[in-house]
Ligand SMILES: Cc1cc2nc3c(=O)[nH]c(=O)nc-3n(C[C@H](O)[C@H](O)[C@H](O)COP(=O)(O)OP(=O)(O)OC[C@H]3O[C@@H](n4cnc5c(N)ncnc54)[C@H](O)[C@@H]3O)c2cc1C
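The data below hold one chain only, encoded as structure tokens and taken in the form predicted alone.
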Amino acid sequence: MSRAVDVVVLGAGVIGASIAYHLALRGTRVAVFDAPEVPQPPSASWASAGGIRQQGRDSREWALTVEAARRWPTLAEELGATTGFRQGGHLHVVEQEEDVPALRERVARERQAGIGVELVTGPELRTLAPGLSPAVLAAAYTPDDGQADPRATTRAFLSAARRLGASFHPWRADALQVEGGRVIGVTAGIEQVKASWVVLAAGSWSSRLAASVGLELPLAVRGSQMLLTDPDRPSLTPTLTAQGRRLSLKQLPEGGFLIGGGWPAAIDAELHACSVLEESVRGSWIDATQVFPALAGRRVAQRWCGLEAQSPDGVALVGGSRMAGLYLATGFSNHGFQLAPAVGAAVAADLAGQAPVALAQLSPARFSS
């Protein structure tokens, strides 16, 4: 079976689904390949903590994060499906006096970039998060941030794309088709689909697909774990991160506390799988309870891990590759969820020849020797 479209998107995680939606919105003929249709382990869109955070990003992401923040409050209405977005704000806390000046300087730089962030201390900080440890001295606060449901958001993007005419193919591509040094489509099972562009947005699977046509991507597979506690009464509205700690902390609508932050998981490269490490569970729990002591009375009800593609500088590779016809949107280094609405729109514009400024510094060409 053979057919042709304008763009093939490999990967139906939140990035790939957003790209497919924004392409379909422009009337582009899009075919999406992934297996299965909904996020499954160990994909990042399945494992993600769902933090919506503008602050603390690389300056190359500022334009995207500001645009994404503008989109999140009305995204569910736009897509016609729930995203689970809750605008409770985000706090990045510091516990050492010597860290406060650097935090103040970061806040000033980010405000100049258009991010609505402010420095909070004393009673104002305790009002925002009463359960914080007395050791917390100050925080950067972005009131427009919060949390969303990664799995629901991914499904919402993909469903909206399909309503607009995008086709979904429930299996991963077996191979990229190359002709005359250019990627011209994909083979998946009995299907061959030709396209003007193939967008590689397959997260931790991206390197394997690129290698099949001799393209080595500067990406490493990273495994990180998540912990979910039993439910508690509502006590934490903003999401939290902490200077010098591997910590992301949020309380879900159901009452459980979701704890992440990059504590490593064990990786089985051959099976492309991961497993939780007990030492990471202990380290994660210590970080969380020291910043938010009220957690000490809770118990870990669930634990899991996921895999992500990590770039050398922690910033995604978005743009055309050295292989003509192959466009990269990968390497989001475990923090691409918040950016997804803006990334999808920017990639769709780029493929239409509009060269958005927001993507200029994310080009994969920065790693060319």
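Start at 1 and count along the sequence shown; that's the residue number. Source: prediction; values computed, not measured.
Another form exists, predicted together with the named molecule; not displayed. Remarks below refer to it.
The named molecule is not shown here, and in the model of the complex it never comes within 4.5 Å of any heavy atom of Y327.
Although the partner is absent here, A20 is not a contact residue: none of its heavy atoms lies within 4.5 angstroms of the named molecule in the model of the complex. When contacts are judged by a 4.5 Å heavy atom cut-off, G336 counts as touching the named molecule in the model of the complex. The named molecule is not shown here, and in the model of the complex it never comes within 4.5 Å of any heavy atom of A69. For the named molecule in the model of the complex, the listed stretch (194-202, 212-220, 290-298, 95-103) containing residues with heavy atoms inside 4.5 Å is 194-202. Of the candidates S224, S280, T142, S207, S224 is the one whose heavy atoms come within 4.5 Å of the named molecule in the model of the complex; the others do not. In summary, among the residues V315, A63, M323, V38, the only one with a non-hydrogen atom within 4.5 Å of the named molecule in the model of the complex is V38. Contact residues in stretch 120-154 (any heavy atom within 4.5 Å of the named molecule, taken in the model of the complex) are absent; none meets the cut-off.
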